[in-house]
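Only one chain is given next, in structure tokens, and it is the form predicted on its own.
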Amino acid sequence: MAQQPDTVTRILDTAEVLFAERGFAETSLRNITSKAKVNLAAVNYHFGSKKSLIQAVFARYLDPFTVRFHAALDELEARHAGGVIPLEELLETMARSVLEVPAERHSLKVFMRLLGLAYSQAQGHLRRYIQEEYGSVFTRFTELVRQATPELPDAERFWRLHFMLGTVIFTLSGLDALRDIAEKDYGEHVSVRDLVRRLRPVVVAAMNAPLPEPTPAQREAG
């Protein structure tokens, strides 16, 4: 019994790194068991299937993130006493919650790559799992963003939120390379919080940008 938590942790640690590096489809259970130095029976015993293992990897990040983000949104709503929360504060709160979670796990880069995979490679089971287990916090955040950006049509807000998410995931998942470039080409030593400070006005400006001109088809329909 004393080895059981260590075995589970070793499987999860290995799986999340391999998933982040190779993707879900390209990472087999045998890849994971070989690197984790466990047998296939151990994976089947603790997780039952590759699908369940993928979900368990996400849960290690999204469980604490959801708790922290709900608590942070509670504080924001209490501070604003039922009023509209400014967009900048909502985005800052989300960024702070995202940055706090990887400190409990491996790295921000792995967390961001996993989130990117959730969008780009997610099979139906993972989308359903994330929606069922964590949809409430994202729905809550989206509603608060809607209140902060009443001028945006719902469809436009949907696209801008996903453009913002893509920008954040791309930037933070490539953090090591960007730091190297900044140091080599510009002599800058950039911390994660420095990067977020620079990123914040960009995403806020994107959310607040003027609406695009309607297409001819949209003009005719209107």
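The first residue of the shown sequence is 1; numbering continues from there. Between two forms, the rigid core is defined as the largest C-alpha subset superposing within 1.5 Å. These numbers were taken from a predicted model, which means no experiment stands behind them.
The same protein also has a form predicted in complex with a further copy of the same chain, omitted here; what follows describes it.
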**Prompt:** With the partner left out of view, is T171 within 4.5 angstroms of a further copy of the same chain in the predicted bound form by any non-hydrogen atom?
**Reply:** yes
**Heavy atom of V38 within 4.5 Å of a further copy of the same chain in the predicted bound form** = no
**Prompt:** Quick one: does Q147 come within 4.5 Å of a further copy of the same chain in the predicted bound form, counting heavy atoms only?
**Reply:** no
**Message:** When the contact criterion is heavy atoms within 4.5 Å, does K50 count as touching a further copy of the same chain in the predicted bound form?
**Reply:** no
**Fill in**
Assert contact residue (a further copy of the same chain, in the predicted bound form, non-hydrogen atom within 4.5 Å, options V190, A59, L29, A42) equals V190
**Prompt:** With the partner absent here, would A78, L114 and E151 each sit within 4.5 Å of a further copy of the same chain in the predicted bound form, counting heavy atoms only?
**Reply:** no
**Complete:** In contact with a further copy of the same chain in the predicted bound form (heavy atoms, 4.5 Å), from 62 to 70, 158 to 166, 29 to 37, 42 to 50, is stretch 158 to 166
**Fill in**
Taking a further copy of the same chain in the predicted bound form and a 4.5 Å non-hydrogen atom cutoff, the residues of 176 to 202 making contact are L178, R179, I181, A182, Y186, E188, V190, D194, L195, R197, R198, L199, P201, V202
**Request:** Please check if F170 moves between the shown form and the other one, taking a CA shift of 2 Å or more relative to the superposed core as movement.
**Result:** yes
